[in-house]
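One chain comes next, on its own, written out as structure tokens in the form predicted on its own.
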Amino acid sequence: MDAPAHRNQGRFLRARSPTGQLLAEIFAFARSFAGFARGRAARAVLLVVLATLSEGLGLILLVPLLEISGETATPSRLTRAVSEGFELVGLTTAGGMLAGIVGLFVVAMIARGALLASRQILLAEIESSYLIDRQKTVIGLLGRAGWGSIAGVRHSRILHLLGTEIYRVGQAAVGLVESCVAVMAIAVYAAISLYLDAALSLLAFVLLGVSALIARGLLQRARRLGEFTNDAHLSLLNDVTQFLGAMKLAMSQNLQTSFVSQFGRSLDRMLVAEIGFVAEQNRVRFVLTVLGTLTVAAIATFGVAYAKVPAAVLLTFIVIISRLSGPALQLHSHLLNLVRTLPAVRTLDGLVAELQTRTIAADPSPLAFQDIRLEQVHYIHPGSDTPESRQAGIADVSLSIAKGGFIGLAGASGGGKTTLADLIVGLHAPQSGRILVGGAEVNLTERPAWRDHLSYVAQDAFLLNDTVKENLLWSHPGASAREIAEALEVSGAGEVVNRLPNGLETVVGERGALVSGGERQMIALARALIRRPRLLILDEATNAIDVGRESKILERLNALRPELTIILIAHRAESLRFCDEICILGEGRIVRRGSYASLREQLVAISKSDLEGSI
């Protein structure tokens, strides 16, 4: 789009009225939903129209039924048309015609019931599949997004959308579908009423239009309530997530009291807003009910006193208008539901659009595990390019890692050790420099097959709120009992399992809260080993384990070479004694490298400095 056209469009959007903006959002959602439903939406529309026509047919049969049974002197055109039709099939007596009309009425109502049942099943299928499709879309985009591009996305935002808000999106779909159903029902009833009497129909439409104008303001209030609810739910979930993440710290300082009070106040504000809207909604509904009653009274008065409408036609017309008020009230209710939940649709669409820009192209071809070489690799984390944060990454690092090697990375916190490991994993792509595998340059972020060769164990070992066994099987669901036992033996977690009350079936709690930090690390290490990786990266993964037990674990890991290549990030000097080569990093660069013996004094000094800094 050229610049002038873009500016004109911007002025148009800014000039659009609140009602116009609301209608634009509804139509945009309707197009998106229709694009998903496709042929099923057309079938649903057909079923709605046929069901409403069946009911309408049953209602307009009241006219010939009343006129034939009452032997009206001047029957209406509808009665004459029905009589002529019955005469063609040999029904000429009043009794025969009445029986035929009753028969048609029964058939019409049975057909309506069957069509309504089919319609509801189809609509439920469309609504449910749409909701599932939205959830799959978000999860699929998360799975295809690069780590560096989604690491900054708030977890509470994702949980909010996939939890509370995704069902509000489902409610929006229901509101849209049911609104369309009500509109089509109103259209069919309006067509039937026009057929019966155009003048009475015009009067009814004018009065119903007044009702619509009265209800319009409530739609804007529903939209504001929806936006408030959307923001409030996200804020509450964010607060709860942060509180649960720091619950131990909060409870140790009695900070949970203020959290509970703040949470309660937020819920009270939501309750006041919700009750106020419901009260307003019911006041408007009462006004609409009164207007509907006055509409029927006005039609009856006008039809009898001025239009001289036949009694049977007038009675049938009043029944149809009364029936039309039902879909009209439903349309109002479902539109409110749709408008209230549109903010959730907008938020979900925004997240999907954002994640689509963060996806990375994946090369599915296999990538064999070979020697790894980094040449002049440079990566600075986004937002870390100020003079105060120059060290937040690595700069011009070159390093060779041979198959079966045991490489140690040491240095002060913030020196770039974890960033270097993340580049080798393929979580980040170098901003300059090259990574070579087997002598060939590769972009590891685009090669998911590379990560099939490795296991990564971080300092903060993550465990599922499940049994020890399920935690172990998470990385390799098909692992045998023998593979589990071997991994437990090497990692030292076998001793932990033997002490637990239910062994492998013991539940470890949320994030492993029911076991100690060292036990979590050993279980996480066992889980990593069950994958039978070719490359094992340990990022401070044993720092919560006592030195003696850690030494035995590292000795057993060392015995798995040359089938296993190990990269160990550690602060404790003793942890690095099995390494073939140790690289000391500072401010994102390798400042020294060598054997454990040659670097031992410096490693001890780094370890002591880190210990003093943590006190």
Ligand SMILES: Nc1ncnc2c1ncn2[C@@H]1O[C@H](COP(=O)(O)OP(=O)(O)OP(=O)(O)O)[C@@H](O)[C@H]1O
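All figures in this text were calculated on a predicted structure; none of them were measured in a lab. Numbers for residues come from their place in the sequence shown, where the first is 1.
The next section is about a form of this same protein that is not shown, the form predicted together with the ligand.
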| item | value |
| --- | --- |
| Contact of residue 459 with the ligand in the model of the complex (heavy atom, 4.5 Å) | yes |
| The ligand contact in the model of the complex: residue 419, any heavy atom under 4.5 Å | yes |
| Residue contact check: residue 128 to the ligand in the model of the complex, 4.5 Å heavy atom | no |
| Distance check, residue 224 to the ligand in the model of the complex, heavy atom within 4.5 Å | no |
| Region of this chain that lies against the ligand in the model of the complex, out of 411-419, 445-453, 431-439, 198-206 [heavy atom, 4.5 Å] | 411-419 |
| Option touching the ligand, based on a heavy atom within 4.5 Å in the model of the complex, out of 285, 381, 534, 144 | 381 |
| Listed residue (470, 178, 540, 483) with a non-hydrogen atom within 4.5 angstroms of the ligand in the model of the complex | 540 |
| Residues within stretch 560-582 having a non-hydrogen atom within 4.5 Å of the ligand in the model of the complex | 571 |
